[in-house]
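Structure 1 and structure 2, given next as structure tokens, are two forms of the same protein chain, each shown alone.
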Structure 1
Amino acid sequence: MIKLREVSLTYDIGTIFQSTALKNVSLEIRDKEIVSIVGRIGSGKSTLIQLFNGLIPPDSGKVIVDGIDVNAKNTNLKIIRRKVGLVFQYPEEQFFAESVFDEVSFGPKNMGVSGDELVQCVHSALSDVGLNPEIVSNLSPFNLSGGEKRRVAIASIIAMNPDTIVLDEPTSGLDYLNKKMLISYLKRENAKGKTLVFVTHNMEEVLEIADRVIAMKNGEKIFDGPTEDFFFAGNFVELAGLDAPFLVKAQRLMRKRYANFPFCRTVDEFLKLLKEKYS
């Protein structure tokens, strides 16, 4: 479990560039949840997730992971980062190795994995994100396409087998088929017990995947609750400066006529319901 207690953070204090990124944010990410963090650019969502594994410290407040104070002086951040794996929005920011294999194997190596087990671990992680390990293992990660870089970055976190996977815009740069493959993989990992947190601007993905939504605006949390409530219990989507997906707008229209119209996450669910009960 990840807990934030009244966390605040300001960048470039005392300069003309000073800006408040987070204001007294408190929240809990519970085990085995799928949580989406949404908001416009500059709302604080990407800063927020970098607190989860101690990548940046808050100015005030506490970050607790499985009972460990992340920013305490005696905290071993390696332990925290084995529990909470973070994939950046721009994957090239976390690349450093000469080959894809070395990039993905770095984390498992530091955890004591070696030999055939290490090879299997890397190959499995690459396959899970839709990359052929026989083709890409010896390539430089810096020479890959944007979508391939994204998948290698995710594989490098998957290979470490963290309890919580945190992803910043995970499907950005991926084509339709690879988006679907990645989403299916993440759902399977959640079904196995992993906690998933993802930042996204894609409201269709939020609707389809998330159990819960945390919406940010100007560094403050303005909504934290079930996905259905985010889309239908008020104008929270619009308050966050976002646009509801077409499927939500269609369901809102149906609920004006049929108050008990069920919550549908996908177009297929919606069309099946219309055909069976409302035609």
Structure 2
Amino acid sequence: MIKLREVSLTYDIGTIFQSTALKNVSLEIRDKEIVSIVGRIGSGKSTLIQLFNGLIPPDSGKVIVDGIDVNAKNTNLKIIRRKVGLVFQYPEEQFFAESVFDEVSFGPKNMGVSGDELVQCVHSALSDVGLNPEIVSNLSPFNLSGGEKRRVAIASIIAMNPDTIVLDEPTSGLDYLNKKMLISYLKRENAKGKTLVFVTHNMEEVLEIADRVIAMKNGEKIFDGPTEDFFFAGNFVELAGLDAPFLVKAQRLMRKRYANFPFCRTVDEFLKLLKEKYS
């Protein structure tokens, strides 16, 4: 459980570069949820998630993870980072190891895991993202395809076995198929009991898997609620400066016609419903 209480943050105070990234944001990430954070470019999403594992301290307000004040003096940040695994945008740009195994084991090793247990958690993390540990372990991470690189990078966080996985635009720069695959792997991690928080610009992904949406605008939280409400109770998508995907627009039309038209998360679901009940 991650709690933010009235958090504000300004970068480079007192210089001409000064920019306020977060204004008085309070929120809660509950266990085993899938939360999506959306908003336009520069709205403070990346800044927000870097607070979750104590990478940046807020100017004011509190960040609390499982009852621990992250920015208190005597807090062991390693423990926080083991609880909250953060995957940066384009995580494959941080590769440094000679083999996929070394790359993925970096995290757990730093957390003090070793021996058979280390092999065990690296292998299971690689399988979690659809890679065969036997095949990829000894390859160089730099020689993989773009989609495989991204998956290795995410595995390197999963290998630390965090309770919460936070991802910054995990599907950006991937092709359609890799995006689909990644989303399904993430969904599976959640089914296994992990809390999932992801920043995205892709509204279809939000619609497909998020339980809850947090929308940011100019550093302020302007929406926090169920995914269905975000898309259908008012025009929050547009308020956040974003564009509702086709599937949402189509459902809005259907809802105008049929007041109790059910909430569909995917195109397939929607088409099936149209065929079976509304044809």
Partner chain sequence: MRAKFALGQYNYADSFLHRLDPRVKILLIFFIVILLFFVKTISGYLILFLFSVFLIVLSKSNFSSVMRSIKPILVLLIFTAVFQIFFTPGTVIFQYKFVKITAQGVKLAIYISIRLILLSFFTFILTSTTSNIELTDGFESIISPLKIFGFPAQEVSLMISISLRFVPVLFEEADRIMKAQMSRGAEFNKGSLIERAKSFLPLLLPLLLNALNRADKLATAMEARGFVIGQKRTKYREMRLSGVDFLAIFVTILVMGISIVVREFV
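Between two forms, the rigid core is the largest collection of C-alphas that superpose within 1.5 Å. Numbering for residues begins at 1 and runs along the sequence of structure 1. None of these values were measured; they are calculated from a predicted model.
- Between the two chain copies, the one drawn from the form predicted on its own is structure 1.
- Assignment of C-alpha atoms to the better-fitting of two rigid parts between structure 1 and structure 2 places N260 together with E189.
- After fitting the larger rigid piece on its C-alpha atoms, the remaining smaller piece is found rotated by 18 degrees between structure 1 and structure 2.
- We note a C-alpha movement of 4.0 Å at L131 between structure 1 and structure 2, with the rigid core held in register.
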